[in-house]
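Next up: a single chain in structure tokens, the form predicted on its own.
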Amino acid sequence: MKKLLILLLPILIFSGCFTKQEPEKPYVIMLSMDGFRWDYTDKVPTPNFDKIAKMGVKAKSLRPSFPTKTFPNHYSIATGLVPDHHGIVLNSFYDPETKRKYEIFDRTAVEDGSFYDGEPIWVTADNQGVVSGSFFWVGSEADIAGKHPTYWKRYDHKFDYGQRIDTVIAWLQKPEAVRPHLILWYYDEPDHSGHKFGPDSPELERTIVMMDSLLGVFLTKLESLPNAGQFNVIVTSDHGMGNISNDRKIALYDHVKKEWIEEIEGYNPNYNIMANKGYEDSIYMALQSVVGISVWKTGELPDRLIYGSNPRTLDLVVLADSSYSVVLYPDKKVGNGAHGFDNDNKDMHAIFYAFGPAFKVDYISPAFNNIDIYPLICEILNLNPAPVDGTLENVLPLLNK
């Protein structure tokens, strides 16, 4: 049963008066709320999410790609490829072929298109004459295949949430010849609150109420546009969040020697390790018996993870077991929530809500993979998709056909 909370923002429930019109040229507007777990809407009142579910479709959950981190999964949604195939294998990684590092806080790396493989949806759109816009989506700041989205923003973590809504609405009011028919935009919450306070905390619940209220603001403004009935709106997320604590923490350098390792990239609960010559087996054997983590040589991970063939995954992959943490040093403190775990862990699953002329009404979908979203968008926008790991057949039942 949902709990009653003191709201951070007044809840705005949009009226649901979007009159469906069949557009000559369809639209897709996709919002990601980082770290929004599949069951968060069951914790507190979320009337705007509930309205979308009634007037459109809701997935029971959205299964992220492994590893269940932010940059890999946002780019998987954009390309329909798993991280092992699109190259953003962790939020931070080392490329042994070019001897360069990718760090999410390194603007030069983030804006370097050579790190990004695959064809993101905005490139597919541009190649086929569809104008696009991106507000902080992973990869959109880079020159990929010689292209950016038509409209795009350099990431600014402090950029006001309400102003993001206003910018998207302004894009949709541009003259038809220059108006984006594909928009991807992003909020960093509730991920931050989930990490700091944990996914079952009162603080997280207040953040969920706030995000639902922001959604209501967006939908109310969207409804005021003269062509509101033409918009296909998707609200999704990159991953969920699991509980962790300092009581279940493994420090890698308690078990391996620094001189065994040439490069180590990642952070709780994922690390990729490049061994110094002759030490791969030493690292593997030292970590194999440690309770609370799994370690694999690349090429030997479970097939279902689809991970470990890309050179950027290095020699060994270390993953904490669910609810455990793995860090480099024992004095490193961990927060109350984390993601990055096995994507079979339901706590890692995300949300998918959608409505508009392309979608069924009041339809609950079985869970599907986030790599299925790219072919779904291509189907709605009548685009020829690039090769993907996702499957259109998994999401065809969502469509109003």
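Residue numbers here begin at 1 and follow the sequence given. Quantities reported herein were computed from a predicted structural model and do not represent experimental measurements.
One more form of this protein should be noted, the form predicted in complex with a small molecule, which is absent from this view; the next part is about it.
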| item | value |
| --- | --- |
| Proximity to the small molecule in the predicted bound form (heavy atom, within 4.5 Å), stretch among 155-163, 254-262, 212-220, 93-101 | 155-163 |
| Contact flag, Phe197 vs the small molecule in the predicted bound form, heavy atom cut 4.5 Å | no |
| In the predicted bound form, Asn369 touching the small molecule (heavy atom, 4.5 Å) | no |
| Partner proximity in the predicted bound form: Asp347 to the small molecule, non-hydrogen atom cutoff 4.5 Å | no |
| Arg304 within 4.5 Å of the small molecule in the predicted bound form, heavy atoms | no |
| Residue among Phe136, Tyr151, Phe115, Trp296 with a heavy atom within 4.5 Å of the small molecule in the predicted bound form | Phe136 |
| Contacting member of Glu205, Asp315, Glu119, Glu141, with respect to the small molecule in the predicted bound form [4.5 Å, heavy atom] | Glu141 |
| Output flag, Arg37, Lys249 and Asp321 jointly within 4.5 Å of the small molecule in the predicted bound form, heavy atom basis | no |
